[in-house]
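Given as structure tokens, the chain that follows is alone and in the form predicted alone.
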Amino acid sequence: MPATPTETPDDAADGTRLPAYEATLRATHRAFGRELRRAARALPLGPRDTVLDVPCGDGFYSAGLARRLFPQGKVVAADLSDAFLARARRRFARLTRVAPTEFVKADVYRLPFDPAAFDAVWCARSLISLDDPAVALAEVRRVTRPGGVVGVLEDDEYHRVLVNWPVDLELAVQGATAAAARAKYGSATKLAPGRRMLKLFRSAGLTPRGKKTVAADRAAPFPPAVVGFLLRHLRETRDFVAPHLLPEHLAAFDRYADPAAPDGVFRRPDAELTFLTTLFLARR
């Protein structure tokens, strides 16, 4: 089931305030942190590697990389947002036994690093917010050493969150999502960067080296972190698709998304949720 893509609102464009999607990002990490960390551990690293995490956001993945590379490696956490970098620094202030980590304000289109500066580059769930992801990946390639690895964790928003509600409602929401994406972005494929990763890698001069899909399955009764994520996800999805749903489908959506409804996704004893994301690997 799709949701609104992550993007930075105008009031956060200068990086001094956290973007509106930060709360959803935090809820996602709380609900599915175990599986997301497992995805990051699939990035092949040597013990002395220097790794760039860009855009690093709140440092969720940077922290995992720094733990893996302790004590001989190094992590550089880069983001254009001062607010996110501050959040990442606070996260690291609570950690022990992590590799040396540098925090750098940087635009992914113009990275302030020498060519071939990194053994590996990590980019998590960010391409959907970029106007030209191929250009960003070409810049990532520039700062990766020959033979180095690039790991991109990315979603297909049409199938990122699946719940076991009626099939006809699912199909209606999918259709409305495509219509909303065309209206807002000019293309329904904007919401599915994961479907274009092979093409994006090759256009950036990177050699694809496989992918690994990570699934997080949850069943009723949902723990509080999953409830919090699902409440936010359904609210954002409704805001995005409501103008493109028939009245009867919108009414059905509201009924199944109502936390108090006995036949809704929060209270049904047979409710299930699957969260999907995919790690794409490439070599320079």
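Values in this document were obtained by computation on a predicted structure and should not be read as measured data. Residue numbers here begin at 1 and follow the sequence given.
We do not show the form predicted in complex with a small molecule, though everything after this point is about it.
**Student:** My question is simply whether F84 lines the interface with the small molecule in the predicted complex - judged by any non-hydrogen atom within 4.5 Å.
**Tutor:** Close contact exists here: in the predicted complex, F84 approaches the small molecule to within 4.5 Å, heavy atoms only.
**Student:** Answer with yes or no whether C56 is in contact with the small molecule in the predicted complex, where contact means some heavy atom within 4.5 Å.
**Tutor:** Taking the distances in the predicted complex, the answer for C56 is yes, it comes within 4.5 Å of the small molecule.
**Student:** Any of the heavy atoms of Y61 lying within 4.5 Å of the small molecule in the predicted complex?
**Tutor:** Yes.
**Student:** Heavy atoms within 4.5 Å of the small molecule in the predicted complex: does A124 have any?
**Tutor:** Yes, contact at 4.5 Å.
**Student:** At 4.5 Å between heavy atoms, only one of the stretches 175-183, 106-114, 161-169, 189-197 reaches the small molecule in the predicted complex; which one is it?
**Tutor:** Correct option: 106-114.
**Student:** If the cut-off is 4.5 angstroms on heavy atoms, which of these, R68, H29, H244, R37, is the one near the small molecule in the predicted complex?
**Tutor:** Going through each option in turn, the one that passes is H29.
**Student:** Find the only residue in V98, V214, L130, A138 having a heavy atom within 4.5 Å of the small molecule in the predicted complex.
**Tutor:** Here the answer is residue option L130.
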